[in-house]
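A lone chain, given as structure tokens: the form predicted alone.
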């Protein structure tokens, strides 16, 4: 109980989520928009406290790790959740129901991600993963009047259950081979006994389970349909935060428990990275729906993040951490603009973005510059993030892998600029009016753009935080 202060952030998030459920029951229907403002204020307050505790370290009950690595990811989750709330105000109000439940589910999904980032043993890791997955299943199907949303929820439930079963089977094999569920102890047993058939098979099942969560090829089949059908703010949160959480857990397991099998799993990660980068970028080209385009873009981004895992170095893990936060701002900026456009036009088709630069210069600029950051074009922050990832694999001798990644980044510029071409060179549709954007969403979009520019020009503080946190996994 003396170490209970280590769980301060998780306790605050859990209590806040329960409070939102109660608030949703008590507040009159006409005033429920205010629940969104309360959620934004609460998440902002928790984020400030988490930042103040970013250097806190300790282990709770031998299996829950609080360190700069987990604190970094918790900040990323809270930033993504806060931007999602700003993105949700008008969208959820138009649904006209269950606003309290919606915001509470967002908070509980954030709690599940935090458990994933800090879990030092397999049981709490699986519980965190299921908490995150179940809440996203509900959120994906939250738009009750939209058949696509219902389809997205069902697909995510079915495929999510299958991936969870695969992951759980892998966890059981690892436990059976080592006799412990504590990640550090698994690493010690594996180092002493070497790779065994059961441990190797468990590692393969774990890799398959995590690959589903990060939407790596060939485990990506759920991503485009769920991204298209889910409510746009949910798609935004799912595309950034759940991916970052899965990478945090993956790093803990493979670098902490299965480091002894590095020579085996690194080859599998190389294959996944190559397939994911190539397929994600090439299949994005013919997409006509911007949410499906961003789904395949998200798949390719997972491939770039896998480069840091392949490098098996401090630079690689630090680059993954840095890229995850930059990806939060870049992808959320695009989806906030997409949500604002949908709130006005009711469409996610790229052809309907024609002439957007004259109808809303802010939304057009937000999509353009955020996509340039995702493509890795300087001076946007995405350039620095991709540079670190490419440097990490080059430093380990995988020059050919970096060349493939650079080539595919050039391909991504093409399909991102297809959207820009429609926005800036297309004619304004007859009878169209200037788009209305809520003040809160304007502020969130402008803040995200500013951060992408600032971190692209001056990334030192964030990269130092990420690199210093990554050292944890290579200390004796």
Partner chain sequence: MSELHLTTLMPFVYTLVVPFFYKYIRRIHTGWFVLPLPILLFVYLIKHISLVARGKPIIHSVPWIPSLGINYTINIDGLALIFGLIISGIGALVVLYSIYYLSKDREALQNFYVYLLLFMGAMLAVVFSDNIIVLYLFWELTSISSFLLIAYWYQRKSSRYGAQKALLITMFGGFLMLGGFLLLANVTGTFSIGEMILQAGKIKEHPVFLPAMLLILLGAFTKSAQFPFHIWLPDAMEAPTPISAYLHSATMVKAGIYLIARFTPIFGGNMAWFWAVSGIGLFTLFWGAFSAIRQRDLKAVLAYSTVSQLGMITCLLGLGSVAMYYGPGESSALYTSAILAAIFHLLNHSTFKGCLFMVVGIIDHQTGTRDIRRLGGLMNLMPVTFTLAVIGSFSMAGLPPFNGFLSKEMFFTSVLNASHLDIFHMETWGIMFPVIAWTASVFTFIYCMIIVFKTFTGKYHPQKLERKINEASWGLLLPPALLALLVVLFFFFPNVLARYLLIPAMASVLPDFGKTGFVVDPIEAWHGWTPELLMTIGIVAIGTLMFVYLRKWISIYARLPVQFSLNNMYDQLLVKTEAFSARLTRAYMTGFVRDYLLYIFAFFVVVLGGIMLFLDTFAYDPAANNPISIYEIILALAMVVCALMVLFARTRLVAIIGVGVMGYLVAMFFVVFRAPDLALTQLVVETVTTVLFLLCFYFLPELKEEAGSIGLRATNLAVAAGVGVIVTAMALSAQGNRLFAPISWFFENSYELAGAKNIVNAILVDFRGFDTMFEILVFSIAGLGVYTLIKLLTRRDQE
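Small disclaimer: the values here were computed from a predicted structure and weren't measured. Numbering follows the first chain given and starts at 1.
This protein has a second form, the form predicted together with its partner chain, left out of what is shown; the following refers to that one.
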Would you check whether its partner chain, in the predicted bound form, lies within 4.5 angstroms of a non-hydrogen atom from each of 387, 390 and 410? yes
Interface check vs its partner chain in the predicted bound form: of 198, 131, 75, 274, the one with a heavy atom inside 4.5 Å is 198
With the partner omitted here, the residue among 125, 375, 248, 137 that in the predicted bound form has a heavy atom within 4.5 Å of its partner chain is 375
Is there a heavy atom of residue 268 lying 4.5 Å or less from a heavy atom of its partner chain in the predicted bound form? yes
Does at least one non-hydrogen atom of residue 101 fall within 4.5 angstroms of its partner chain in the predicted bound form? no
Please check if residue 287 has a heavy atom lying within 4.5 Å of any heavy atom of its partner chain in the predicted bound form. yes
Would you classify residue 225 as touching its partner chain in the predicted bound form, given a 4.5 Å non-hydrogen atom cut-off? yes
Of these, 393 to 401, 325 to 333, 235 to 243, 67 to 75, which stretch puts a heavy atom within 4.5 angstroms of its partner chain in the predicted bound form? 393 to 401
Let me know which residues along 295 to 321 have a heavy atom within 4.5 Å of its partner chain in the predicted bound form, or say none if there are none. 296, 315
